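For reference, the chain that follows is the form predicted on its own, supplied as structure tokens.
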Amino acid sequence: MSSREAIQRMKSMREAVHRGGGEKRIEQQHQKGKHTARERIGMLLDEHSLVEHQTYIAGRSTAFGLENKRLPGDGVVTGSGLVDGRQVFVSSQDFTVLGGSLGEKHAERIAEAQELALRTGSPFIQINDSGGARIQEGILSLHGYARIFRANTLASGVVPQISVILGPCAGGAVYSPGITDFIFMVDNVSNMYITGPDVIRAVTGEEISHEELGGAGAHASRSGVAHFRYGSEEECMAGVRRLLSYLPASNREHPPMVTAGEAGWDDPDRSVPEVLEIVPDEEKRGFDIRDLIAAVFDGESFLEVHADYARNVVVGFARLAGRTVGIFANQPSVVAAALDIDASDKGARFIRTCDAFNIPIITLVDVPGFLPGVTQEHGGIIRHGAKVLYAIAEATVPKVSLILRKAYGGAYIAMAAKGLGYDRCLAWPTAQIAVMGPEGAANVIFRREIADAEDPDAERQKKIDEFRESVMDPFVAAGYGYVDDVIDPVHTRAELVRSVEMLSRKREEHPWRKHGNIPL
């Protein structure tokens, strides 16, 4: 074969790879409102930056009708590329080839990309659109999933791992995304479930649609499986790119910073008088903590995570004088911001993600305690609440708390206690720190005095005021050294900037251990 013929053969092979399952199947994909595997990579990566890896790999199985379906690439596209000039590794399942089903070589190609991401210290993004395990390949397919799951596990906490669900993801396939750091889903496109509607109907008789069972809405708001939800694939990929801008390439690096003169820069000394209007003086009156976040942190920098799930807490990334920080905040507009089972899981997971990737944690505290009730107790609030305590105590990144109003009981410990490992605790003059609220405390401590008084109501109010002043006042805690400073709310931004900068060189080591045993 001459050089010219060899080159022409190479071009023909490359064209075959790019055609995937053929024009008819590509058109079917578009008719469903979905993009192809390569189109999705094009939306994610910087233009012309994809370096494809193992381009011509093909399955070796020929049983059960596969003999004429051994297409180059084996139904997945993998390689490396750039996002805003930073290297990532990517895999994108091709539904036009055997429904994106995962066979032996398909799995090897994904695992190879995962392992290269780990070896080079680069984020890994997987785009899932697959009918599941390739049944014809039996144990080879199952072994492939196992290899991917193990690679996910070994990379956990080492490099960021992001899953983008853009089609079906069913059965065992859901567990790879479940191990990764973040899951993105799109309305009317994404589906994740262990068993589909047909199986549920056969077993229970219950009728449920794919979207109701495992769509973006169900997983973003009810199960908590999805971290981000979008209305289109284009918006979703833009969201992935934005998330990556807050994260380091690996746990050996710090997140990117926005410096003076760059787009998004915000004055670190900017006063925030608007917070006095955002947070009501009445301690039981709710407000939206996201308004305070928008006022205090760099302009339009807040990226909320799990926005529709466990809404009594708010978590997400923002920038503070250009530096990426993680925010863990109570949301007084939802169940008075009490911590429950789901909020505990949400907070603990986010805290551990920040700690893994060298992102300082800032808590904004206005919490009456853990949510009481039989449902919570029987659901394991003790076990779930312990996750938050464990996550904060374990974290070695800078940890700064700001108490706005209420900080009661075990929830105070989780959100602000220096004894748990917070490096710096700030408080507004309106802060109240105690085992419980003043009304309940007065009724317990001064029960006899109130009952014996000529005017019990007046005596109760007197004792409540006395308890506030002698126990709950932030200067009492500051006097013991458990609040480092009581600050003017107008200067909240500047004080948080200084606190994070003060702790930026923090180094902390724990006793050697194989791993801890978090209460799962």
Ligand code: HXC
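Note that residue numbering begins at 1 and tracks the sequence as displayed. None of these values were measured; they are calculated from a predicted model.
The following text describes the form predicted together with the ligand, which does not appear among the structures shown.
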query	finding
4.5 Å heavy atom contact, L142 and the ligand in the model of the complex	yes
is_contact(S101, the ligand) in the model of the complex, heavy atom dist at most 4.5 Å	yes
Exercise: F149 in contact with the ligand in the model of the complex, heavy atom 4.5 Å	yes
Partner contact for G131 in the model of the complex: the ligand, 4.5 angstroms, heavy atom	yes
Joint contact, R352, G481 and S499 to the ligand in the model of the complex, by non-hydrogen atom at 4.5 Å	no
Listed range touching the ligand, judged in the model of the complex by heavy atoms within 4.5 Å, from 470-478, 450-458, 44-52, 24-32	24-32
Option touching the ligand, based on a heavy atom within 4.5 Å in the model of the complex, out of P248, P197, G409, G171	G171
Contact residue in the model of the complex, from I135, L276, M436, A307 (heavy atom within 4.5 Å of the ligand)	I135
